[in-house]
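We begin with a single chain expressed as structure tokens, specifically the form predicted on its own.
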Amino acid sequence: MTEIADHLIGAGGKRVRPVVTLLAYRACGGETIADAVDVAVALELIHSASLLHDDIIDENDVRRGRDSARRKYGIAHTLVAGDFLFSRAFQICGRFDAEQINWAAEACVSLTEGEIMQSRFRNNPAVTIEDYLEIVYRKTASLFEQGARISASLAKPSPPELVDAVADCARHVGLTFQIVDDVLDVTADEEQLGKPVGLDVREGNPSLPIVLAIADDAEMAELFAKPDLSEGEVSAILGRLRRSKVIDEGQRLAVEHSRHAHDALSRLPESPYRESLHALIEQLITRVG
């Protein structure tokens, strides 16, 4: 199980979630960094567990530029390794108080609910932008939000309302992060992504460019409803998305959420850590600039 976990975690990744968690702790005045490191590690283990399970659900062959664990080790071993990482995460969280553990559990519940929602809307042209944002909050932003909330609460800031400010910021960072990823799935190349381009199109996932496109394009909605697209159809869809207004709209929405994140940060006292969070938010936006 350790080998399977190392295969995924050792492949890299952006590590944005743990960075936000650590900076949130420092920005709220936290000093005993070991506490925040434990939260960050637990968060990344939960995220990694969800990726192992996602690769089974989506039948992915590639993850972070190498064979997925599902392909390399098989479904059964990958499934158990994901369970193993979830268990290790909560073993780390076990020394925190009941409320903080409950926040971590709530993030996991949201994550699983988001997965079910995404499955309901796979190849389903009835999906709306509201559905999309709910899925993204549950699958991605909730981990950012609760990780920052836990680490900020460990810092015991004064006033206590700073915990909510950091959590608000992290939620919008998570939304920005996923929106940018969805846009890049259409506009980037495989080397930049570390996975095949157009994966959401191939799998019928309701990513932002697709959801925006099918809202007023009946032909795109019909193609999205097809469970098995040919490579020619995938290429045609990607070409139409790249030429359409949905890319600009996706970038606009990412910038909107980044501004909300900046606004939430303005409620914190000035510090190098607050400025680092501002810089991180801008860095996310420049990926699609």
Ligand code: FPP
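The model shown is predicted, which means the values in this text are computed figures rather than measured ones. In case it trips you up, residue 1 is the first one in the sequence shown, and so on.
A second form of this protein, the form predicted in complex with this ligand, is not displayed here; the remarks below concern that form.
Hey, in the predicted complex, is Thr78 touching this ligand, heavy atoms inside 4.5 Å? No, Thr78 sits far enough from this ligand in the predicted complex that none of its heavy atoms falls within 4.5 Å.
May I ask you to state whether Ala42 is within 4.5 Å of this ligand in the predicted complex, using heavy atom distances? So Ala42 does not count as contacting this ligand.
When the contact criterion is heavy atoms within 4.5 Å, does Ser50 count as touching this ligand in the predicted complex? Looking in the predicted complex, residue contacts with this ligand include Ser50, since a heavy atom lies within 4.5 Å.
4.5 Å heavy atom contact, Asn60 and this ligand in the predicted complex: Asn60: contacts this ligand in the predicted complex.
Taking this ligand in the predicted complex as the reference, which of Asn123, Asn102, Thr128, Thr112 has a non-hydrogen atom within 4.5 Å? By the 4.5 Å heavy-atom cutoff, the listed residue in contact is Thr112.
Which residue, Ala89, Ala167, Cys108, Leu154, is the contact with this ligand in the predicted complex, using a 4.5 Å heavy atom cutoff? Looking at the other structure, the residue within range turns out to be Cys108.
Where does this ligand sit in the predicted complex: which of 113-121, 214-222, 146-154, 94-102, heavy atoms within 4.5 Å? In short, 113-121.
Using a 4.5 Å cut-off on any heavy atom, which residues of 136-157 would contact this ligand in the predicted complex? Lys139, Thr140, in sequence order.
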